[in-house]
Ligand SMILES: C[S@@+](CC[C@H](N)C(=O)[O-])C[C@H]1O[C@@H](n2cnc3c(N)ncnc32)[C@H](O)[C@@H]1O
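First, one chain by itself: the form predicted alone, in structure tokens.
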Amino acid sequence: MARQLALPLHATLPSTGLVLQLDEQGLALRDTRPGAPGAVRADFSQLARRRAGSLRSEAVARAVGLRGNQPLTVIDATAGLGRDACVLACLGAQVHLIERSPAVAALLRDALERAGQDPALAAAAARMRLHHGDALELLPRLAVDSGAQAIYLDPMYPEDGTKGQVKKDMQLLRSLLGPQDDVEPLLGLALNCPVRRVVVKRPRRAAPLAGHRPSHSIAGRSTRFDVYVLPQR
């Protein structure tokens, strides 16, 4: 793995910096500085204990247009740690995950391998396919080849100093990835793909991404899903 990611291999944890650490629980991203938040993993095991009815109530399922047992293919173009993608896969959707960071893609690959060995998650894991690369390059072709009906974007929230402490996983991902400056072009690209809808996850009180007014929104306590229903071509 170190060779594949072009990273140095350490026999012991260094005293500073971000590392990928492999242990009996799987692969984790860790900040080794004193006082840093704990390790972060892509892990779908908690979803395995939830009933389908509970998962179906998740706003992301309604936002992408998941209805009953109707087949649905979704492209998650900003996969991150993959939780929302796994919710959709647990409900029967085929989900293509695009992740540009080699380190985060490694976390996702590890999570998918572990899920594939879990009887409660194996079927969902089989419906998830990981693509490592830049969504701006991969999305147009993937949207055509996959026959997707929806594209999902969950860009990293801006650091605007608003209320609430950012969760530790977002803290570490921000430290690893830096600012996400391709979100507005990615939305423009998604809106021109041959899909039925594009969904963007936003902070509840944030303005629509890039000023694009959605067809409608589904709001929760802290987040909002802006839904862009596209004309059929």
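Note that residue numbering follows the sequence shown and begins at 1. All of these numbers come straight from a predicted model, not from anything done at the bench.
Absent from the display: the form predicted together with the ligand. The rest refers to it.
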Can you work out which of 91, 156, 142, 125 has a heavy atom no more than 4.5 Å from the ligand in the predicted bound form?
156
Taking 4.5 Å between heavy atoms as the contact cutoff, choose which of 135, 107, 74, 121 touches the ligand in the predicted bound form.
135
Does residue 170 make contact with the ligand in the predicted bound form, using a 4.5 Å heavy atom cut-off?
yes
With the partner left out here, check for me: in the predicted bound form, does some heavy atom of residue 130 sit within 4.5 Å of the ligand?
no
Residue 98 versus the ligand, in the predicted bound form: is there a non-hydrogen atom within 4.5 Å?
yes
Answer for residue 29 alone: is it within 4.5 Å of the ligand in the predicted bound form, judged on heavy atom distances?
no
Given 63-71, 192-200, 32-40, 170-178, the stretch touching the ligand in the predicted bound form at heavy atoms within 4.5 Å is 170-178
What are the residues of 77-111, in order along the chain, with a heavy atom within 4.5 Å of the ligand in the predicted bound form?
77, 78, 79, 80, 81, 82, 83, 84, 98, 99, 100, 101, 104
